[in-house]
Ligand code: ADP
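One chain comes next, on its own, written out as structure tokens in the form predicted alone.
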């Protein structure tokens, strides 16, 4: 794994109107790492991604993406937002949406080149929906729409990918396709930050876990973050945690188990 630091968040406070959704958040990520961002509803996970992507201003602190300030200059980062934040009534095809990922490299006033079209075709194929290229985005299922937006991120050819709840509202086939992509990203050295409510997934698939509840509760390998005392600090009564001979069992927010089987 590339041990070069590609993301640093320092003492960040940010929010909306007069409410702080994040307070004094600090952590760093190295190249090629896959980091799961977890925490209860309202913990600030989406806010954090918008801050890193340069879409939400900071009140305090700073963010550096490969040494650059995303609030002042372009950075090599792709952001797959939650589906609820997208207007699917807009009349564009799946291929059009993916081509939007090329604008940063094409420029607004250029027509797509043969290379751009090939990148779009390849991105759609990577997520398994090349046969839906000419379908309008609003006609697709939730899982297919999510794969389109992941293909758009692939078309950007960025080195850092933010994925905000990519498994929400998708079918089993799309979920498996996304998991397969995570494996390919790992092999390709792409850095991933992915928010999820599935603590079991975070424990099994990710190098490190960032546990948020407006502030950083814990950050490190899953086996260090997922212990009863730490989880209770983040979730309180929303999550029941107890130890079992085959590992921790956690039920509540996300309805998931860390053990090989739930205690009977």
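Residue numbers count along the first chain shown, from 1. No experiment lies behind these values; they were computed from the predicted model shown.
The following text describes the form predicted together with the named molecule, which does not appear among the structures shown.
Undergrad: Using a 4.5 angstroms cut-off on non-hydrogen atoms, would residue 46 count as touching the named molecule in the predicted complex?
TA: Flag for residue 46 set to yes.
Undergrad: Is there a heavy atom of residue 220 lying 4.5 Å or less from a heavy atom of the named molecule in the predicted complex?
TA: Because no heavy atom of residue 220 falls inside 4.5 Å of the named molecule in the predicted complex, the answer is no.
Undergrad: How about residue 42 - does it come within 4.5 Å of the named molecule in the predicted complex, if we only consider non-hydrogen atoms?
TA: Flag for residue 42 set to yes.
Undergrad: Even though the named molecule is not shown here, does residue 21 get within 4.5 Å of it in the predicted complex, heavy atoms only?
TA: Heavy-atom contact with the named molecule at 4.5 Å: present for residue 21.
Undergrad: Going by heavy atoms within 4.5 Å, which of 201 to 209, 227 to 235, 66 to 74, 33 to 41 lines up against the named molecule in the predicted complex?
TA: Among the listed stretches, the partner-contacting one is 33 to 41.
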